[in-house]
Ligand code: C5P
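Just the one chain here, laid out as structure tokens, in the form predicted on its own.
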């Protein structure tokens, strides 16, 4: 089975305070960390990147620098994440049987987790990297903020990316959502809605999304630790 990586690196970064995909983290643009991870996987040959129109040339350069072995296509994203992914899927070459979609704002991706998701992907079956929820989750009435009920956290997992599917299945799920004007929060949700089976792949470690400025600092510390850079040297 031939996989294509899809990296979503678009958006305005409203909660972060600026577009974050090119913010420097541990010496690289944020999204470059994901590109480097997938670029080092010998089983991959293609990557499609969805980004802002004004960043297309920049990401073409980043793909050459951080994933030089891969055949890279950079496309303009849409008004929503879902639209950006749909545009990226349309650009996936026909030689690819399956895809995984990863948020470029998750720089701590490790290849072992990608491979675990690839291993369980099949026709009619997608996968999502996820972690068990540690907090107790409350359902709250939006008007009064009163607790309606408490969910059983043993059944709850926090979805991450990558999310995996056969190319034909994910294209069909996106098409069905577009036809119904349905907007989901991730690919797994669209696959579920379209009747496909989605299995959880337990994440092996840190794979959080950089959403707030403090997340960037945390990610930088972890990445520098992985590179063996002492905290004192990073601070200096």
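In this text, all values refer to a predicted model and were calculated from it rather than measured experimentally. Positions refer to the first chain, counted from 1.
From this point on, the text means the form predicted in complex with ligand C5P, which you will not see here.
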Next item on the list: Tell me whether 11, 21 and 104, taken together, all sit within 4.5 Å of ligand C5P in the predicted complex, counting heavy atoms only.
Entry: yes
Checklist line | Exercise: residue 78 in contact with ligand C5P in the predicted complex, heavy atom 4.5 Å | finding: yes
Checklist line | residue 64, heavy atom within 4.5 angstroms of ligand C5P in the predicted complex | finding: no
Notebook entry, point to check: Would residue 197 count as touching ligand C5P in the predicted complex under a 4.5 Å heavy atom rule?
Noted result: no
Check: Would residue 193 count as touching ligand C5P in the predicted complex under a 4.5 Å heavy atom rule?
Finding: no
Note to self: Partner absent here, but in the predicted complex, which of 135 to 143, 121 to 129, 91 to 99, 104 to 112 has residues with a heavy atom within 4.5 Å of ligand C5P?
What the structure shows: 104 to 112
